[in-house]
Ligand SMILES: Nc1nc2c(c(=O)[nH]1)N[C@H]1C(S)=C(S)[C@@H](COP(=O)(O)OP(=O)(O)OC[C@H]3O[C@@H](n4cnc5c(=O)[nH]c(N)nc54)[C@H](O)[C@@H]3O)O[C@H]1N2
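Take a look at this single chain in structure tokens; it is the form predicted alone.
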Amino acid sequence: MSETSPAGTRTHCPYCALQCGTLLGRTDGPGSGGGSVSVSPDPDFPVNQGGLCQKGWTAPAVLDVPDRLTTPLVRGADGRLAPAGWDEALGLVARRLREIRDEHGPEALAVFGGGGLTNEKAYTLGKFARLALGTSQIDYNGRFCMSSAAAAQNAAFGVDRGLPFPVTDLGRADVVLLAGANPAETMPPLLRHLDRASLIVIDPRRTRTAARAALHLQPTPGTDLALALGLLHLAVTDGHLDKTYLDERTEGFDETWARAVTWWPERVEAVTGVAVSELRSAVRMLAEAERAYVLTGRGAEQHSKGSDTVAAFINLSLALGLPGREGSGFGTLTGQGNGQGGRELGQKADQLPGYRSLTDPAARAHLARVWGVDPERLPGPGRSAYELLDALGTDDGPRALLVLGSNPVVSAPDAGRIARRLGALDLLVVADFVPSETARMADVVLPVTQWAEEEGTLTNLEGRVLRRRRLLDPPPGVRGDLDVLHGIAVRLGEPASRYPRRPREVFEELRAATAGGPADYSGVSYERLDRDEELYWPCPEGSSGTPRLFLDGFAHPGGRARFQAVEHRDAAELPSPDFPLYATTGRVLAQYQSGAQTRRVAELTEAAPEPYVEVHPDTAARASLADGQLARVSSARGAVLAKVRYEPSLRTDTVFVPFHFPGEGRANLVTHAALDPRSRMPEFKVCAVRIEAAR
């Protein structure tokens, strides 16, 4: 099918990393979107196979929300945001950046990006930070999403791609283990590929996904690592080890087994609360399946030991001989729309385009040649996302921040603290299309285009590069993010040619910048994508791409996968007399991420209108709380106000709060910012709380 057809303009959903194929059409009527735009699933796109979730069906509604930003806003002396012209706004931003840099140095300037930005935007944002600003202080909200899985997969396999195989391969699976993933609510079209498989779901909650499972393991929050060690122990002691695979394709098993040998089933049951019989059943189901997959999600990854937890599930899959075997494998369900492309193209604190390391002299030299600068001009690695946000406004931290595609006031852990840090800045600039909670704090707000108003590419969870196609002209007064970065860079004295404003020009440079790297895009082009070629990275020049990684060997020297010896440790914060319950956070079907978009869609708001806290009825009774009553969920950091929702399937020691809501309903007011030492992932998924009636 061509890029346009009688059915409409072919593009992709603006939400999760499935990037479901959609067809957009126009109907008569005023406005740039809303009722004038129709959406239907693309029946030819294999990922969603003609399906969409609620969010995809209602995506056009965000295009014409009443509070759509269409003019720059500048905070005046009276403390209020007021409309301004583009020249005034960009001139003010550039002048203040120069002043702060002159007084405090380039490290006083920072950039915070997003996992929903197109590849072209992510690439340009990294270039802008390192050249136009001269700062190392750049990271993005994808650090809160996939970083633990990325660290573990790089260590085990030598490369990180969410799914190292097409998602359609899952449709032939006999058994799929989902560790901390709830696709029935987070990416419903994926379930079309899981209908055939028997599911093993590991989750403290009986989610919609767990309700479909053949086996649901319901561990104590924060004990997934112990559970994975116990599964590996049973794989060995129950005789399921694939010794031929280990000898031919892996290294490091002995050291890993030396750790796992101490996690006998009864010990695992005592720590996790999962019965030995269920542990044994899970291993047997995986081992006896002809085609089996192990997949992790945020529930396993968003911990201060998330990298080790994912590593432990990789160890289990290696012991069973799954990765790199056609029809079986290990993968991670990437969350954000361009979470994959966003981290491999340069907006992460320690990475250069092509998934190259910022500390690699050869990688620095290659990129410097593409950019036409001396390698010495490239800064070194900067702070990770939370560390960057937590340093804002401090004596040795950034004093100015530019935010594109993120809403950390709602999405960051210990959100109250981060809001205070944002408030301490000398300059906060936010580019967005709606007045998010973070935009409302800004000194300058820059209105930018939405998904249906722009061209570009994205990379979905399979590593498949996709074309975003424009249906609409943006409203008058709105500019693209590439225009915004160009305008600021030129006002800072950078050559105009260094910051192209056309996505296709940026992509041509991106191809050269990634050439030879682990995530090589040099063989991808707009022309090939518009011919409907299925292109997965790595795709060197002249290549047809790599839909399935590892079939002929892993990306380490010698081609072997590496076991990682890991050990369970407690969460950073455990229940205490003052805070006797575990709290865990997550997403719900009708909302997405910080909710800045979906909370503006009437149909989605009707389905999930307000914050709530799931509580077992017995736990609620002990706190004298009735179903529907307003409760206060408190931790050592803050408190959330949310209505009680009885959930008999929940563990009695655990409460669940979705994180999409603003104000006093922000779940991240209570979450802990303890960081994984490898990935720098915060511990979103477990903290200690108490629950009581709100006064």
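Position 1 is the first residue in the sequence shown; the rest follow in order. As the structure is a computational prediction, the values presented were derived from the model and not from experiment.
What comes next is about the form predicted together with the ligand, which is not displayed.
The ligand is not drawn, but in the model of the complex it has no heavy atom within 4.5 Å of Pro538. Although the partner is absent here, Gln593 sits close enough that one of its heavy atoms falls within 4.5 Å of the ligand in the model of the complex. A residue is said to contact a partner when one of its heavy atoms sits within 4.5 Å of a partner heavy atom; Phe659 meets this definition for the ligand in the model of the complex. In the model of the complex, the ligand sits within 4.5 Å of a heavy atom of Lys55. From the list 374-382, 76-84, 400-408, 514-522, the contact stretch for the ligand in the model of the complex under a 4.5 Å heavy atom rule is 400-408. Screening Arg562, Arg464, His193, Arg205 for any heavy atom within 4.5 Å of the ligand in the model of the complex leaves a single hit, Arg205. Listed residues Ala181, Ala110, Val615, Leu286 were compared with the ligand in the model of the complex; Ala181 is the one with a heavy atom within 4.5 Å. Every member of the trio Cys16, Gly299 and Thr671 reaches the ligand in the model of the complex with some non-hydrogen atom inside 4.5 Å. Along 328-352, a non-hydrogen atom within 4.5 Å of the ligand in the model of the complex is carried by Gly335, Gln336, in order along the sequence.
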